[in-house]
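Read on for two forms of one protein chain; each stands alone as structure tokens, with the labels structure 1 and structure 2.
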Structure 1
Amino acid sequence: MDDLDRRIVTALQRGIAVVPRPFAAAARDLGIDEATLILKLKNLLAQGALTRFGPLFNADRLGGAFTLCAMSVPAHDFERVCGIVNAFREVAHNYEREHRLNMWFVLATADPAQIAEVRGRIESATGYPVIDLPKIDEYFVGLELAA
């Protein structure tokens, strides 16, 4: 990452304006043009320096719910189960960990009561139990990259 990449990551994790041209506004604050900002973000994603760039909604503040889930899936069945889990529109993201609980994903639903129902549907579809790890406290850790 170069100095501009670091400034972009640091600035955008603090938030982005909800305006008709959010990338133009963010670019202006960074002293660059909109096309450069968009290209830099695409490159950071392509290089793997960023794994995701997009909005983060607080489902619970919008009246919905979300929870972190974990599963223990045998290596020989991981890809099949991953495909099934990812097909659920309520799954926000899914990632593999090197641990007995090797599949982790977030469920987000419009209604808190739907969490248990969707979790049950995933268990039925995959044949594996889903461990529900609901949020008790929330912490935010910012990443400040020296430019």
Structure 2
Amino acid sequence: MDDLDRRIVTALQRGIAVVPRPFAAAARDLGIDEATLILKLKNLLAQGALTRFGPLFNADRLGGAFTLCAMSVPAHDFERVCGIVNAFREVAHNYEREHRLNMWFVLATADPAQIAEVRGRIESATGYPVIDLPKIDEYFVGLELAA
């Protein structure tokens, strides 16, 4: 990432406006032109510096449901279980963490009742228990990381 890339990531984390040409407006603030900004964004996505560009939905308020799940998977079986878990379309993010509970993923479903059902299917498919840690309260979401 070059200097301009960093400025773009920092600025566009805050979001673009809902106007007909939002990239032109954002580009102006960065002192570049619209075409350059769009090209840079495409490259940042292709390189993996951005995982996504678009609306950040609040699944709770959309009527969907989501929860954080954790599993304790033996090292020798980790890749197999990872493949099974990731194949579920309801699994949004999945992280390996350094802990007895070493696999942490977010389950997202359209309907709250489906959470328990999908969790059960993951337990059956992998052979390991899945701990469910639904959010009770949200105190803060959305850091702007300095790029």
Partner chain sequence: MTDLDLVRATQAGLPLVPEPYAALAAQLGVAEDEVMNRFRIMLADGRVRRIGAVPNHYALGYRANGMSVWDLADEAVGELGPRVGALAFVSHCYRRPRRPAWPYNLFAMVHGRDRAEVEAQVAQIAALLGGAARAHDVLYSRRILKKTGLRVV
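Values in this document were obtained by computation on a predicted structure and should not be read as measured data. C-alpha atoms forming the largest set that superposes within 1.5 Å between two forms make up the rigid core. Every residue number counts along structure 1's sequence, beginning with 1.
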Open item on the list: Can you tell me whether structure 1 or structure 2 is the form predicted in complex with the partner chain?
Closed with: 2
Task: Angle of rigid-body motion between structure 1 and structure 2, smaller part versus larger, in degrees - done: 21
Open item on the list: Can you give me the Cα shift for R6 between structure 1 and structure 2? Core-superposed, in angstrom, one decimal please.
Closed with: 4.8
Open item on the list: So with the rigid core superposed, the C-alpha of G31 shifts by how many Å between structure 1 and structure 2?
Closed with: 2.8
